[in-house]
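Shown below, as structure tokens, is a lone chain in the form predicted on its own; questions about how it binds or moves come after it.
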């Protein structure tokens, strides 16, 4: 047995104007999960402590919270892996959400973005018009298995720095789930789904890999890349800056083995977009004054053929 000190964020939007913290000590084995420790504290010490939970088996995704600075599922996080040297386990609500009461947050923005992608199959015909069940080959199903493991815990959404600066961004979970339907051979709305998730700022993703920390190993970042590839291969919304930027970056690196920044700026903004180019002109002037203007023409690096071979091997689209 050990004394585990739960340092809990406390706030009730109905009565409080600012949050405070309570430290609740519980005598439990160090291997006790954070969720079980919270359950004990609530039932035996302070019944007002509020948090979400259900299955206790990492299936429902309800108990996602920030534990010792990292967001994850409390039901699969052992106290001895997150407590400090004084036996303190700091517990906070998920970031990127508005606290409602203690560790409970308003999930509406997350669910609204999820609902916008219409998370259900939309086949070409109605079930009653289909003579047999819609069968899927093992090869086609393999692409969907990992995403199907998502429990909508919102851990990736809470960890996403893009969401923190631009709440309009769909977030990793919504984009990953969009991939699940985009690649489902039974669905008949592939282009519409790609267009919808593109409108929800798919291309804002900075690929920082923060969402790779997923309790269910869905790895949304890879699925975001797959959705971007699908958008380019299907030529969906190609006039947007996001696809243009991705393609010009790939093209310049394949050409010279390096990022040709001058070419990237023109290709992203648009070569004939006079208004857009004028907006970035002051930045170019400041760079020139400080001697940081990139060369207008980049010479291919030695062994650039090896770089090109990588592109060809991975079948990276460049045009």
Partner chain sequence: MSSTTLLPEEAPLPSHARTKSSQTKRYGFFPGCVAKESCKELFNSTMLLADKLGIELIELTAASCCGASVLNDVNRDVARVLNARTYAQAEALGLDDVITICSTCTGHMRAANKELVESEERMTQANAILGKFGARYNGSVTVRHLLWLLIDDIGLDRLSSMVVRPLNGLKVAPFYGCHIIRPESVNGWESARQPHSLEDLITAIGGQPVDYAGKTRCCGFHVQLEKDGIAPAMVGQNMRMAKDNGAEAVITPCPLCHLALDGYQADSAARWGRTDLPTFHLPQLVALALGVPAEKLGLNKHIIDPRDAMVARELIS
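Numbering follows the first chain given and starts at 1. The term rigid core refers to the maximal set of C-alpha atoms that superpose within 1.5 Å between the two forms. What you see is a predicted model, and the numbers here were worked out from it, not measured in a lab.
Not pictured, yet referred to below: the form predicted together with the partner chain.
Residue heavy atoms within 4.5 Å of the partner chain in the model of the complex occur in exactly one stretch of 120-128, 145-153, 98-106, 195-203, and that stretch is 195-203. Taking the partner from elsewhere, every residue among 208, 253 and 291 has a non-hydrogen atom within 4.5 angstroms of the partner chain in the model of the complex. A heavy atom within 4.5 Å of the partner chain in the model of the complex is found for exactly one of 28, 60, 287, 45: 287. Only one of 141, 225, 185, 78 comes within 4.5 Å of the partner chain in the model of the complex through a heavy atom, and that residue is 225. The shortest heavy atom separation between residue 313 and the partner chain in the model of the complex is within 4.5 Å. Taking the partner from elsewhere, residue 83 is found to have every heavy atom lying beyond 4.5 Å of the partner chain in the model of the complex. Residue contact with the partner chain in the model of the complex: residue 16 places no heavy atom within 4.5 Å of it.
Put simply, residue 241 is close to the partner chain in the model of the complex: some heavy atom of it is within 4.5 Å. The partner is not shown here, but in the model of the complex the stretch 258-277 reaches within 4.5 angstroms of the partner chain through a heavy atom at 258, 259, 260, 261, 264, 265, 268, 269. In a rigid-core overlay of the protein, residue 304 has its C-alpha displaced by at least 2 Å between the shown form and the other one. Once the cores line up, the CA of residue 282 ends up 2 angstroms or more apart between the shown form and the other one. Superposition on the rigid core between the shown form and the other one places the CA atom of residue 273 2 Å or more away from its counterpart.
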